[in-house]
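Shown next as structure tokens: one chain only, the form predicted on its own.
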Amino acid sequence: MMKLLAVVDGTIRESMAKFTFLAFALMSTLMLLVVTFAVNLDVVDGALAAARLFGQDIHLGGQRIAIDELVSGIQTGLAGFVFGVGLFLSIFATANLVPVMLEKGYVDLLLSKPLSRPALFLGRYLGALSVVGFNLLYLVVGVWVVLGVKTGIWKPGLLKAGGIILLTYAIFLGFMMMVGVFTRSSSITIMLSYFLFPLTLFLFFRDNLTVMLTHKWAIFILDGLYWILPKVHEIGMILGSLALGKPVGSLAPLLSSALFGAGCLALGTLYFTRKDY
């Protein structure tokens, strides 16, 4: 266990040396500053009386907006922003995790250590997950506290959504680790990871396309891909429901996506264990 934690610590230190960790922290801090100082809300009797953005008054048209609904809306918008932009940035920042490790000289040094290959591979995975998870925790909890102090409303929806975002990244990270160890290419890892987003969206709407297909094998392939690949659209819907404080219909899409990520990580670990470097 101590050796595994040493690999995790080394991965975190590597991200700090490459300013990946610092860049994430800086972007999170800027967003917190915007929420803290640029957005001002005046709450009277549980309703929004006035709002200002960057010092400019926002006209409410005389409407009385319940602060509880406003906080839910803000949390949902922030959760959606972090889910989309945050995942894209996290994938870009950590896509070279395995290809760099497999560079000649570096991989020889790592394999010379008294550490099993599975522990080394999983340590890199947990290290990247820790870097993104720490910054996500810092951002989500920070925004939640700022909104709570400004409005007096402490809704847990944003915190729950943060957990879903981290789990989604963990799923994609497992896929990235597998692609990285197979191809040794950061570019291919990034392209294939980004390609999963439109592909899974396409598969979500596959029922509108299968009526135009005449071959049963084509329908079978589309259905098979849908059940195997992560379900980003459905996870986004689960995230939105949690952020709004609404009940979630089913966690099946999230669970099947987690199985995909775990399977990819297992295949990558197996390949790395048996590959001759």
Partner chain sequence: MSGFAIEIQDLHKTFRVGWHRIPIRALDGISLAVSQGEVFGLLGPNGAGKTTLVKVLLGITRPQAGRAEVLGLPVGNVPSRGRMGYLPEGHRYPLHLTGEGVVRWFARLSGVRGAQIGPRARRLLERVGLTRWSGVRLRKYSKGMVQRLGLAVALIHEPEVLFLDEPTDGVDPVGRAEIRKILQEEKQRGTTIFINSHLLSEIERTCDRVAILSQGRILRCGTVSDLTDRGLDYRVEAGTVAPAVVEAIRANGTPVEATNGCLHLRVPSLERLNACLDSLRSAGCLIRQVTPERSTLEESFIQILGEEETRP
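Residue numbers count along the first chain shown, from 1. Between two forms, the rigid core is defined as the largest C-alpha subset superposing within 1.5 Å. All values reported here derive from a predicted model rather than from experimental measurement.
This next part talks about the form predicted together with the partner chain, which is not shown.
Listed stretches are 196-204, 107-115, 144-152, 86-94; the contact stretch with the partner chain in the model of the complex is 107-115, by a heavy atom cutoff of 4.5 Å.
For A17, a non-hydrogen atom is located within 4.5 Å of the partner chain in the model of the complex, even though that partner is not displayed. In the model of the complex, at least one heavy atom of G10 sits within 4.5 Å of a heavy atom of the partner chain. A displacement of 2 angstroms or greater separates the C-alpha positions of A17 between the shown form and the other one, with the rigid core held in common.
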